[in-house]
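First comes one chain, alone, set out as structure tokens in the form predicted alone.
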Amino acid sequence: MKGGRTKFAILSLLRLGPLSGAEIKDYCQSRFGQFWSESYGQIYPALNLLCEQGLIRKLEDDEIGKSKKYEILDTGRTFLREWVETPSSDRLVRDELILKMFSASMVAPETLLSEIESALSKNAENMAKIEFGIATLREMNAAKSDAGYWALILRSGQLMASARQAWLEEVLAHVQARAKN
């Protein structure tokens, strides 16, 4: 599929209002970061493709000021709606730490400790971002229909981060016990 799933992330955000490529990247990090990421190298080509396909348009300079902003068109809303109505593909998880655990017996346990502690710290930061997102959502003036779904997305992130925290604590305890032997 030309443009991959990036185009759906962009259309999902543009349905809320005009945004620049940088604002889309910021939203992806701050709002979607728990479950989706996009790079500038993915966003800008997808914006160009969406314009070529007539799904969005670049606003004229006199409409927006300095930064180039894009807005979704009716054809883009229809395209997005049709995608939302189709079944999702299977979830693919790529977690390098889990892959490393598969071969962890090859190295001394002490080698893994700092990486596990770093993962615990990053997960704690992730959990704090989710809590901030939950608090922000309560303060937002989002449409009630959107807010309910967004709360469910944050809850998913909260549950996954809690499960990861528990798993990381188990891994840490296991590796620490092996280091003592």
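In this text, residue numbers run from 1 along the sequence as written. Everything numeric here is computed off the predicted structure, so don't read it as measured data.
From this point on, the text means the form predicted in complex with a further copy of the same chain, which you will not see here.
Every member of the trio K100, L112 and R164 reaches a further copy of the same chain in the model of the complex with some non-hydrogen atom inside 4.5 Å.
Although the partner is absent here, K25 is not a contact residue: none of its heavy atoms lies within 4.5 angstroms of a further copy of the same chain in the model of the complex. Within 4.5 Å of some heavy atom of a further copy of the same chain in the model of the complex lies at least one heavy atom of D146. Looking at C51, you'd find every heavy atom of it more than 4.5 angstroms from a further copy of the same chain in the model of the complex.
At a distance threshold of 4.5 angstroms between non-hydrogen atoms, A135 is out of contact with a further copy of the same chain in the model of the complex.
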